[in-house]
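The form predicted on its own is given below as one chain in structure tokens.
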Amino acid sequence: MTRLLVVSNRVSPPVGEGKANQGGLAVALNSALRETNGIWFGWSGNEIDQFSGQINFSRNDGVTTATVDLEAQDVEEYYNGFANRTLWPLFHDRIDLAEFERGFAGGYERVNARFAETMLPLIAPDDLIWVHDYHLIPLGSELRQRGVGNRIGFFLHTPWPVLRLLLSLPHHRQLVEALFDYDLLGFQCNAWRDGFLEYVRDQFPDAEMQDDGTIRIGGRSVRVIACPIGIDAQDFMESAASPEAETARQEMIKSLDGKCLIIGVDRLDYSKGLEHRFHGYERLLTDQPHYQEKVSLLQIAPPSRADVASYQDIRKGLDALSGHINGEFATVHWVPLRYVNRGYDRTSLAGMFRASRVGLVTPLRDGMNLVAKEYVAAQDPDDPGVLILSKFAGAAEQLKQALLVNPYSPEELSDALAQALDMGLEERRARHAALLESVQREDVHWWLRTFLDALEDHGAEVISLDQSRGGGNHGGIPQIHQSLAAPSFA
């Protein structure tokens, strides 16, 4: 394999066994970087008084990382500003929360230019360059302007906004034109890919659109594919069956005192639909009171981006709503809603997933959502829980045997909860078997190989979601058994 140069906002170097949780995405990328003697480049997470462009090199477990420090103004305008207060809400259909400030956009362009300039000495002529996520959309264009002729791919881990919302972004054409300087664009699912193609048809009528998703415009050619990321399914299944996970499962069962567990695990974010989820659960207890003192909802929601006002508002609102529900329905023997603002290691989560009857994954909009796949992988095939999944998560295109719901409807959430709680063993097993087959086949290694094969332009057909049911392989990418958590380039 040609040497791989990965670029992301933050870098996730390998960690030793037991030291920390490592995202499934980081596990797969580190595997490819190790195999190709590649480099992972990005922001260190540190701030300095004045940007110097100095690269901090480190080598851990056979993987080289190269990081740079950013000025406080860079962090505020590029990361906290344009990335997380403009693009993130816009890409998740929350235009009401998007902040369009000229300084944010300027910082975004400045940092992408600094990344491009700084990483130039690292690029060898035959390197494959793989840029990740919404923080770095202009990076490919910045590299082209500096004479880089390598094949460059870009993968968007978030949804792509619908046309009418993207048009609200100042200089939206400039942002999309930057994407034309990549050789390959990857989206999590067909819905996000098709949304991008719709924008191109509307705003660039002179673009030539080919059946395989290739766009030819202005002397450039870029291929657009749907390539859903997965988890390291085998590793997560082994973790779920470990003695440590079994201990966590038994402790959870003991605390339930015979009640059925409904579980949700989400980063605290307005895109996750937690307020709507709580209202759906409240509707279940109101409309079908026979479930009272029979079920318990555990919502794990570690805080994120605590310095952003909208996230502070989310936490306050959920604190109040969870208190209201418990005040309305709790008895001296039963707390209907356990709302926890802290994270847990992946082994403990696997045990909690296996102890539950229902996994509640109901984001209002999500690029993929790997918690849904982790929930499936954690289940005991002989007595599996039921996955309730939002129609608006990218994972819904693959996990069709879940109970798919509209997360905006409390009635629909309530009905799905009742259906899941009452579902018989035979149906639960059948649904789980189909879901697990998909999770295992299209795992993180399948995703990695599919994208890199297309980027290397071997001429091999890129498998679409609707064609990928015949089995996949890992293309020589080794199975690396490390800690696993939901991936993030935050």
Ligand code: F6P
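Counting begins at 1, following the sequence as shown. Everything numeric in this text was worked out from a predicted model, so none of it was measured.
Another form exists, predicted in complex with the named molecule; not displayed. Remarks below refer to it.
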Checklist entry - Can you pick the stretch from 164-172, 408-416, 204-212, 129-137 whose heavy atoms fall within 4.5 Å of the named molecule in the predicted complex? => result 129-137
Checklist outcome for this item: None of Arg151, Lys391, Arg110, Arg267 but one has a heavy atom within 4.5 Å of the named molecule in the predicted complex; the exception is Arg267
Checklist outcome for this item: Checking His157, Arg283, Arg315, Arg223 against the named molecule in the predicted complex, the residue with a non-hydrogen atom inside 4.5 angstroms turns out to be His157
Next on the checklist: Can you tell me whether Trp88 touches the named molecule? I mean in the predicted complex, with a 4.5 angstroms heavy atom cut-off.
Outcome noted: yes
Next on the checklist: Even though the partner isn't displayed, in the predicted complex is Trp192 close enough to the named molecule, meaning a heavy atom within 4.5 Å?
Outcome noted: no
Checklist entry - Just to confirm, Tyr79 within 4.5 Å of the named molecule in the predicted complex by heavy atoms? => result yes
Item to check | Contact flag, Asn84 vs the named molecule in the predicted complex, heavy atom cut 4.5 Å | outcome: yes
